[in-house]
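Only one chain is given next, in structure tokens, and it is the form predicted on its own.
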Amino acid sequence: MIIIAEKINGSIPSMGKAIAEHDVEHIKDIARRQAEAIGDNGYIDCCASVDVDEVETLHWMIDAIQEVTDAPIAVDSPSAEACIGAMKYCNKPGMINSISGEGNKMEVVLPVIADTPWTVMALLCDDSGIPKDAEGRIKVLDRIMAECKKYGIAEDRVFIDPMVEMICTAEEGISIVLDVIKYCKKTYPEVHISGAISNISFNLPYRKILNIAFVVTCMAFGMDSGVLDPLSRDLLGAIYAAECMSGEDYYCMEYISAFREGLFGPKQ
């Protein structure tokens, strides 16, 4: 599974405090630990969540991350212009997080990354918000994929976020996400299916168990990526276990290796 490590995000109170106080060491510590957890198959998300000097804030955050890891960075902002502005500070190609059917985001981002190795996260929402059914989200998906094709962006450079909503207020949310995943895997087989895993459990107790159940369910339908906390040992262990059960982990070697490295299971 391709993990987009979520913890360097200013919307998280502890990280927001670190960003406000310019606590570079805190950012470096989280970056280092996340990089160790995701290995060679993932991204470190970097989201400032500030309204003033966003690109400059992203700049020093990216510099801090790159001091301790060479993992590719997912430049994360609701502003397409801020994402593009921060790209030049990355030492290697990463991910733009994100585009959608909203406004001119596709027109801003896709021409810039077209002839590069950069990948892109695509959210299935548009100017009217998040569609309330699978059919509406699929329409946004088809529109995004048509634009990517126009710019010569291969399917395997696109990560689709089917828009995970908290289950306590969106009873049909799970079935909608699974319907979108099934359509996407059938119609665009090389596209990656991702999404913010922890959204599912907002406002509910013992969120960890819900996140685990959700990611394993979605993986069974074809999800192969996720924006999640790789420092959650039980969640990471469940992902490795699910890959074993699906036959993606040859002789369970990745599972065994991750366990021996202490990434999940009882702490030594």
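These numbers come from a predicted model, not from an experiment. Don't overthink the numbering: it's just position in the shown sequence, from 1.
Keep in mind that the form predicted in complex with a further copy of the same chain is missing from the display, and what follows is about it.
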| property | result |
| --- | --- |
| Any non-hydrogen atom of residue 168 within 4.5 angstroms of a further copy of the same chain in the predicted bound form | yes |
| a further copy of the same chain contact at residue 256 in the predicted bound form, heavy atom, 4.5 Å | yes |
| Heavy atom of residue 208 within 4.5 Å of a further copy of the same chain in the predicted bound form | yes |
| a further copy of the same chain contact at residue 174 in the predicted bound form, heavy atom, 4.5 Å | yes |
| Listed residue (242, 37, 55, 68) with a non-hydrogen atom within 4.5 angstroms of a further copy of the same chain in the predicted bound form | 242 |
| Residue stretch of 41 to 49, 58 to 66, 24 to 32, 213 to 221 approaching a further copy of the same chain in the predicted bound form, non-hydrogen atom distance within 4.5 Å | 213 to 221 |
